[in-house]
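So this first bit is one chain, no partners, the form predicted on its own, shown in structure tokens.
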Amino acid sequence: MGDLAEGFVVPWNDTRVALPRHLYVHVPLCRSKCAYCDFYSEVDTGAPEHAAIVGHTVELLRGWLTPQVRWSPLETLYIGGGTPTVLGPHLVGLVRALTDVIPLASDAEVTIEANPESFSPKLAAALAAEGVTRASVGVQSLDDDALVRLGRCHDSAAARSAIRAAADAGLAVSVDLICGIPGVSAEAWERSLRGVVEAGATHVSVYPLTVEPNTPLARAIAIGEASMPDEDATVDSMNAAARILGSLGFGRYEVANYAMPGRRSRHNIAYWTGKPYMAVGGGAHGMVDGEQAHALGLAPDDRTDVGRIRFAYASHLLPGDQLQPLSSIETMTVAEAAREDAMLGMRMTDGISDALAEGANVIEALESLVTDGLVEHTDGRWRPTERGWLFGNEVFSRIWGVVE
């Protein structure tokens, strides 16, 4: 299973910098491009490319190891995309190869993103046997007409089958749904919500349909072949999701995420709470703290105020054994990092503590948000209100806009 944590011992005098305990791996392949998607991916061409991507990804991971750093057992590993499950058996090999490089903690959360058209009971069982604990299934809707308009490769029956396959393999199942799709009635939206839960989902992410520039959906809208999402209908759908999923035992823990008890995404919580995370793969994004950034050579030697570094890989695949260069490196000061933690923390129902708010110098901004009914302050924590969920951009921009 690649779980090396039991034998992973760091000598007491090891002064190397420990790298993050969270890892994101991007598999940039899809059967076809969905109408709304602007994530980096290329069209899948088959098994030879699959083997090359596995080897390439592992080399990228090994490339981060320098004499100044060491791995620690991973708390979370997330393989996303793209569509990782198009790799088929090579996805099992990728999990094995990654965990041969980095040990897993004994209770690690290991997630793979799956699309119904490339996820079978056999693959689900093989992944579970290799140590995968969680599947995030890209369902988007159980309305077949909506799936066609979104450019999805599956129908509602295949979506339900994929959820059941993951659950039957013993995986925790998360499902992505898109709300605000033009032409989808309130009744159809409710059927999608209830249907994925009936099929076995214990975590549901609900995202509004967003029209991104240069996507097929944006072009279709521009020439009148598709309609813009209606904002009021989208808000109604978000409210319906909160009500229906709540009635089914799901708790909302982030603006777009609902989970049964014990089924929150630990990997995504790491993103929202400022935990460093490594990343590999074309188009992948990662974030390390100041000490890690200096050890990895990502921060200038003369900068002592580095709070964190965000980096991204170039969005393309390179042939042979060539490694993808980083396409961007963003340096944040200690103060900026604290403010970002405060902003992202307000995505969550738990909000942020008084200590974080004070350290980030955002108390005044939060008090103004309380006055406007977007935030509440109770028991030493600042939390978004129901209205704050709907006007999240105002909450985030007011916090981020604080002048140091």
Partner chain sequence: MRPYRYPARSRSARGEHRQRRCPLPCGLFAPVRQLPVIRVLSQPRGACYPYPPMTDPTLIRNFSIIAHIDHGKSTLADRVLQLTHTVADRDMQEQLLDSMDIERERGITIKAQAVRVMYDADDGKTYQLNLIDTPGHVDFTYEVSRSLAACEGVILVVDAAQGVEAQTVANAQMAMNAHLEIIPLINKIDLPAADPERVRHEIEEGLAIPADEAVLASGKTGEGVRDALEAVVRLVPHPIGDPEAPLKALIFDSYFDAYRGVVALIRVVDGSVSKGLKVKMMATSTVTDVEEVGVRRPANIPVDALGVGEVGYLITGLKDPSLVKVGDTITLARNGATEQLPGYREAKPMVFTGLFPIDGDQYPDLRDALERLQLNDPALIWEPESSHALGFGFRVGFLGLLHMEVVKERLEREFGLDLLATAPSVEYHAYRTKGDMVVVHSPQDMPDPGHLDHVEEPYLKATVLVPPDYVGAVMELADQRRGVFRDMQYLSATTVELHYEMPLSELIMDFFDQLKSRTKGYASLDYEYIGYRQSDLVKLDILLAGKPVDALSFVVHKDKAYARGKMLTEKLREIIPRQMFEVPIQAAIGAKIISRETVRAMRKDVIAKCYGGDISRKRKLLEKQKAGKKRMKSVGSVDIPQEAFMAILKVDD
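All values reported here derive from a predicted model rather than from experimental measurement. Residue numbers count along the first chain shown, from 1.
Below, we turn to the form predicted in complex with its partner chain, even though it does not appear here.
- For the three residues Ala108, Asp155 and Glu198, a heavy atom within 4.5 Å of its partner chain turns up in the model of the complex in no case.
- Residue contact check for Asp100: none of its heavy atoms lie within 4.5 Å of its partner chain in the model of the complex.
- Interface membership of Phe250, defined by any non-hydrogen atom within 4.5 Å of its partner chain in the model of the complex, is ruled out.
- Its partner chain in the model of the complex comes within 4.5 Å of a heavy atom belonging to Asp236.
- Its partner chain in the model of the complex comes within 4.5 Å of no heavy atom belonging to Thr15.
- Note on contacts: among Ala226, Leu147, Met332, Ala295, the single residue with a heavy atom within 4.5 Å of its partner chain in the model of the complex is Met332.
- Just one of Val184, Met278, Ala256, Ala259 comes within 4.5 Å of its partner chain in the model of the complex, counting any heavy atom, and that one is Ala256.
- Here the chain stands alone, but in the model of the complex its contact with its partner chain, taken as any heavy atom within 4.5 Å, falls in 344-352 among 52-60, 344-352, 375-383, 66-74.
- Contact annotation for 384-398: residues with any non-hydrogen atom within 4.5 angstroms of its partner chain in the model of the complex are Arg387, Trp389, Leu390, Phe391, Gly392, Asn393, Glu394, Phe396, Ser397, listed in sequence order.
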